[in-house]
Ligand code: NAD
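The form predicted alone is given below as one chain in structure tokens.
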Amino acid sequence: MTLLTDDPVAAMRDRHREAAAGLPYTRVSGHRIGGVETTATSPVTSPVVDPATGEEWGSVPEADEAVVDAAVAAARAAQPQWAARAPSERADLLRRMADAVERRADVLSITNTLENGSPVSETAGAAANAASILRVFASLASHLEAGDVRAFPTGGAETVVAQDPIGVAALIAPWNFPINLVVIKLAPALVAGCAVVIKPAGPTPLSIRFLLDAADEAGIPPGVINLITGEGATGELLVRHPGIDKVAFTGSTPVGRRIAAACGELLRPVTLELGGKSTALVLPDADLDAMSKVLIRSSMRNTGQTCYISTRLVTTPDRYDELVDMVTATVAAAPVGDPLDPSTVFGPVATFAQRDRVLGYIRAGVAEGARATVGGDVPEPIPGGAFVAPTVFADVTPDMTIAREEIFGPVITLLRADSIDAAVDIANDTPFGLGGIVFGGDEDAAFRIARRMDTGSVGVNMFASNHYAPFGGRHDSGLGVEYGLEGLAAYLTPQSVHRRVR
């Protein structure tokens, strides 16, 4: 395991304190409602803790019922005029917002890194990715202006199908990608003509403010985008608020189930992007050297805190030992260190509670007989922070806890399968269905195997999100999709107007 942080831990702390001191948002005292910074009505605040050092460097207020009421009221007041604008006009404002987001790339990246420990090599791309999503959905606005007239099958009449904005949407985001997992909800909502109330995750409430600054600069009207902060109780108030017409949530499956239950009770549309336990199938003709170059991105991206990554690698016995050697060497060579260092691959996990959770899974793997070829139940690589040694487990069987449950940390498991058919069975033997990869030399054959995987998205020799194509999970990985025209449709409600043909 390579450590980039050769300096004393105190030196890293000094660098992080200096970085935080230069940020515009640290100790925030209010919420962003109706285009203005409002005064918090509750004295309760939540700390923002740097997971690399364990130091508190910021804080935000907890939204109570009065704040949630005010945010929803502001959105409802702004939504009719926003919906009345032509889709092309809304799209132009999204393009301006995209430009404004990109101008904030550096400060957004540093804030994000200090919030959740994602290395700057990851967060440096957040603004560009967010801008791309905004521009893609802006390009889809023309679909809202095209006429849709459908003839009656019996003749003599026709139906004009119109698409109206669904109303006011609650957007609730997780802490692993706090910018992009808001924007994949915000962009389609805005293009559709919805107003929104955003609630970021508790650990990552500050970087999201740069999105609102960019929206203000672009000229998006006050009240169309509102921001409140708080923990789970705030989210529950928002989900159940009578002024909310649609909920979009990314996060854990247990929380998603509770939100789904509430929305079912209220007959409220909901999009849920939840957990995953995805599999990479390594076929006998796979190029392991090429695979090694995309392994971290595909299976341990963002220190393993990515919902769709393929943390289970399955291959046949003839390639198993070679695969173990490649994965072990690749992970061992990836630097662990200060997330503000551009060369760092693995930073801390996002919170100390998450560190303890991941360590619990590692200990379970050891106890159940898996073999750690690198990492394992060892002391943290850098003391004082929420660091976990990146871990590769070999000799894993499908029934082990680490092979079945989402760990959400820097842990890979390697499993044997007697045949390709058995490997596909292992990949599909999970309650989740979010991502997956097939590595193989014959890409046509790999594609055919990919189509047999029971999951929402699959890559062939790679994995990436296409902003024009739907992304969503099956089974316990969620309901509905994001991205593409399908993601835009989640913020629209159709109306059919029937008329006689003269």
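A residue's number is simply how far along the shown sequence it sits, counting from 1. Computed from a prediction, not measured in an experiment: that's the story for all the values here.
Unshown form predicted in complex with nicotinamide-adenine-dinucleotide; subsequent notes refer to it.
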Assess the spot marked by 258, 408 and 434: is nicotinamide-adenine-dinucleotide within 4.5 Å of a heavy atom from every one of these residues in the predicted complex? yes
Partner-proximal stretch of 170 to 178, 90 to 98, 315 to 323, 127 to 135 relative to nicotinamide-adenine-dinucleotide in the predicted complex, 4.5 angstroms, heavy atom: 170 to 178
Select from the listed residues 395, 231, 164, 380 the one whose heavy atoms reach within 4.5 Å of nicotinamide-adenine-dinucleotide in the predicted complex. 231
Going by heavy atom distances of 4.5 angstroms or less, which of 193, 276, 339, 365 would be at the interface with nicotinamide-adenine-dinucleotide in the predicted complex? 276
Consider residue 200 of the chain shown here, and say whether it contacts nicotinamide-adenine-dinucleotide in the predicted complex, taking contact as heavy atoms within 4.5 Å. yes
Is residue 239 part of the interface with nicotinamide-adenine-dinucleotide in the predicted complex - any heavy atom within 4.5 Å? yes
is_contact(residue 307, nicotinamide-adenine-dinucleotide) in the predicted complex, heavy atom dist at most 4.5 Å: yes
Answer for residue 235 alone: is it within 4.5 Å of nicotinamide-adenine-dinucleotide in the predicted complex, judged on heavy atom distances? yes
